[in-house]
Structure formats: structure tokens, C-alpha cells
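In the C-alpha cells that follow, a single protein chain appears in two forms: structure 1, then structure 2.
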Structure 1
């Protein structure tokens, strides 16, 4: 039995040096020789090293955390449309608690020879998870881009919403409305986006001289309606008159919790959501929320990935997109008896 390179070389009618050059994508190989080698490999049944596989007509993996939160389908839609406009096809892989994990999906996508992978709020946003897996992908020269969750030092482009600013915006809005006891509820602290948002929230309150008032008004729970409801319930019991929520879904749960306590939104308790997912203008009450510029972020993520694929890697910075306060009807001014400079009633 001949050695592998030798065997391929003989089948292709070239020397094993040429085969080696093809496999390592070195320069100095004619297209004719290259295709001869590749064909020989196929004929002999050798698996092509990743990167030389017929990168199937522009297939791109899109890995996302879940679909429950409407912001994720929204992201998926935007990204998919953007990719389609450039001739790429998105394969959406969503993770479920009991379903396939991210690693399995990545393996599958690699097997399928995707041109690149987009990670939207996946494991990369979890700071407690080992990130060596991404280093491995990087080493394989697989173009990847993160959305909402940078991992510095990996050289992977990342498109994020500026969560620190988002936290500040929410805090400032409520303080301007006269609130003093402002609760913060969000998902598990292991997510970098939660950490950042909380940091911005706290920094903003400290600057406004309210830091000590809200030290005990932070509750973290799962990222869904029920989590928001239970966290909000605790915060309301502790006297919070306003709630900053980690997602719109949690905000809806918070509204429900407030009402279960016999209070009204926004008359008694103000609620601020996050993301401005679709349909949030249809809720009761229409939700004041900190919009994440999903459209722009999706387009930017697609552009970054295409740059990576095309071989002109942009500098691997984190592109921060600015969130924006969308004032609807779940927040209202609060008259504080001790506050002489109470803000005016908001225009509805």
C-alpha cells in the first residue's frame, strides 16, 4: 500500500510535492494540476481537507439561541435576506434545551462545507463557557462572525448592540420621569450582554446620585416571560416603582407581575423592555423599550461575514451599534413628594 500523498500523486499524474502544495493552498500550482489533484482525491475516496471542499453554492450557517424571543426570528429574517441578496443561502440552526447543541450544529455545518457561520447570541455570549472551540474554527480559516457577544483576542469580528449605553438609556429615562427606586431584572449574569447592561444601568444611577437606592433592586432569572414575572414580583414587593427588563419578553412578564399585585402599568409602576422586538407596539400597554437596531446590525453582520469569506478580513473589532429609546406607554412620570423639581406629566 502506497503512502497517501504518493498514491494521490500517481493517480493525478503529478509528484507528491504538487499534491502537498495543493492541500496547503500554497502558490505555484497551475489550475490544471490543482483540479487533477482534487479529482484524484475524489476518485480515491479521500476526504478533502476543509477549505477545499466545494463550498456548496454559498451556504452559510446561522446559529441562534432560541426562537421564543421574537427578536431572534427577526434577526434571522434580516440576516437571511441580506445573505440572499449576495447569493448565499442561510441554514438556520436553533438551539433548544433538549435539542442539538451548538457544537453539533457546527460539526454538521462543517461537514456540509458551509462558507461561514454567524453566531447570534449563542454560547459565545456566555462568559462561563470555554471558548477554545472558536479558536479551533478560526484555525481552520472558517469565516465566522459573532452577533451580540464579543470574545476579545480571537480575532473574530463581532457586531453588537451597545449594552452599556442601553442600560444607561433605560436608567436615565426613568430617572428623568422622577423614579427613584428602579429595579433591574434580566437573565443570568453569565451572559456578557447582561453584565454590560447592568454595568451601564448602575453607572448611570451612580452618576445621578441614586446608586445606593437600587443596590438591592437587581433580580436575575431565566430569559423568558415567566422569569420576568417572578423577578418583577420580587422587585415590586421591595418597593420598586420602575423596572428595567433584560428583554421584551421579560418585560411582558413584568407587566403581568405588576398587575397580579393589583397595580397598574404605567400609573403605578413603569416598565422598560429591551430590543424592541416585533409586535411590541401591539402589547397592552404598548411597551417602552430600548431598541436594538436589528436591521442595521444584521446587515453589518452579513457584510462582515462576506468580507471574511472574500478573504479581506476587516480588523476584528467589535462594532457597537447604538440603541435607541422607543417611548410608548409603559412608562410614566412619578411625582415624588420630596422632589421639588418633579418632571412634568409626559405627553401621551
Structure 2
């Protein structure tokens, strides 16, 4: 290291102490001296530390969960379009079980000198992981923004759907239709988005006088069609007449499970999805779902990141966007379970 400092100092025409201050990002170095040291490193073929690498003004990293769920391509489209309008190009990085993970993508993006990174439903939503990876990015002064999955105290802007409200309105809709055995199925509980939606679901049932004995009507499984089918099968066997699902893909799996039990949707079991992914109005039956405001959220996330890049950071807070219940043909009124000829019980 000492030999390298000597070589860089000679090439730059400065002292070793100046080189050391530049490499450690310490104050007290003039812009001219700093530029000379960095140029000397480039000429000599030494790799700059991450914090000293030049950032392209035109590239922004966009790290998303797998694209199997149609809501993630929708987010990517909105964000890429928003960035392009401001002269930035999104570098899309998709996480898959067999492919590169988030940390590998972050390293690649830093090597490419991106101006910032947007994380959509990534590891930041996992409450069990070490968040030091994001603290490191903040120390490097790299602008970052989260979508769906706030980390309190980190100082990173986050744009989220109000999952508590989403769970509430799905449960209320089914209770108003006369359902009393309402099942909840979603992804693993370690994700903050799942925790919030389940909390809203349970709170709504309590408020409507149905909060007792609901634990047997909650099933958590992978966020995909197969996970939805497996969880829904168990809930239907326990007597659920309606299902609140954590994603539209899980809802499609739930519909399949209901039919494999010889039942019909919605005549025997009502199903509510989440997100209102593209094409959900064309499924059989068209899916009732809780729409996530992807367009507004994507635009807000781009704006927050650009403000960070331009040195006008927004307040480091979570910005909640309200979901909307979209009623289609996968839900219908059900008579009270004790008398199939009676009208639904009134909602308290």
C-alpha cells in the first residue's frame, strides 16, 4: 500500500498525505489536488474505491422482484418511462431464485457508476435481514429509494401502498356480502407488507365482530400460483367461504384449488386478489381485487430519487398511497351459514 501511495503521489504531483486523504474521503483537499489524485489512479490502472467512482448522469439502477408477478413489470414500465422523461436510463435487474441476488446487482450497478438505485419489493421489505447493506450505500452518499417496504430510522424515502387499509377493505367487502368464515392467504410473514395486510385484515374482522378464532383461517405460503393453491386448499377444507389473497397470482391459485374441491367461484367460495395486475379483468371469473396504485407510486418514486440525485432530498419518510377495491365477478353475496335461505347478517 505504501508503494502504491508513493506511485500515485509522484504521478499526481502531490504528497502521500494528500493521496491518503483523498482515498479516505477526508476534508482538507482542494478540488484540483483531488482531481489530480483520481486521474493518477486511472492512468496507473488502480481501481477507485466505490465512493470515488464516477457516476454516469444517465443511468439509474432498478432492482425488482421476479417478473412472474405482472405487477412488477408494470412498476418497471412506469418507472422506466418516468426516468426517460428526465433523461435517465433504467438498468433493470430482476431477482430470481436461480439468478443473481440483490447484493450482486448492487455491486454491478456501482461498477457502472449509476446515479442512484430504486428498490422495488426487494430485501428491504424482509424484516429478518441485516440492513447494513443499505447503511453502506447511504454512507457512500448514493441516492436510493424504496418501493413497498420501509426501514424506519434509515433515512431512505419509501413509497408504499397502504397495506393495512388493503387488508381492511378486502375483509369488509366479504363481510358485507354475508361471509363469516373468511380465510387469509399470503406470502411469508417475514415481509413487512404481509404483516401490515394481515394486521388490517384482522383489525377489520374485530371491528365487525368476527375477530374470534381466526388463526385457523390464516395460511402463509410462497407468493405464486402454486403457493396460493396450496394455502387455499387448506382453508377451504377448514370451511372458509371466502378468501383474501396476498397477490393476484395467489388468487388464481386459490380459484384453481376451489374448483379441484368440486366447488365454484363465486357461488361457493368468493376470492379477492391484490394488486389488480394487468389482465385480471379477463380471468375466469374476472377477479375482484384490491388495486395497488402503481402508476402514482412509480411516478412518486422517480420524483423522490431525482430529488435525491439533484441534492434536493425529500423528507426521509414513508409515503403511503391508498388502495382501491375493484369488484368483479369472483365475489358474491352468501346466505348466513346456519340458514341458506336467509339474507346476509347485517354488518355491525
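Basically, rigid core = biggest C-alpha set you can superpose within 1.5 Å across the two forms. Residue numbers count along the first chain shown, from 1. A quick note: this is a predicted structure, and the numbers were derived from the prediction, not measured.
Remark: the form predicted on its own is the source of structure 2; structure 1 originates elsewhere.
With the core held fixed between structures 1 and 2, residue 324 has its Cα displaced by under 2 Å.
In a rigid-core overlay of the protein, residue 29 has its C-alpha displaced by at least 2 Å between structures 1 and 2. Its Cα shifted by 8.4 Å between structures 1 and 2, residue 20 is reported here after superposition on the rigid core.
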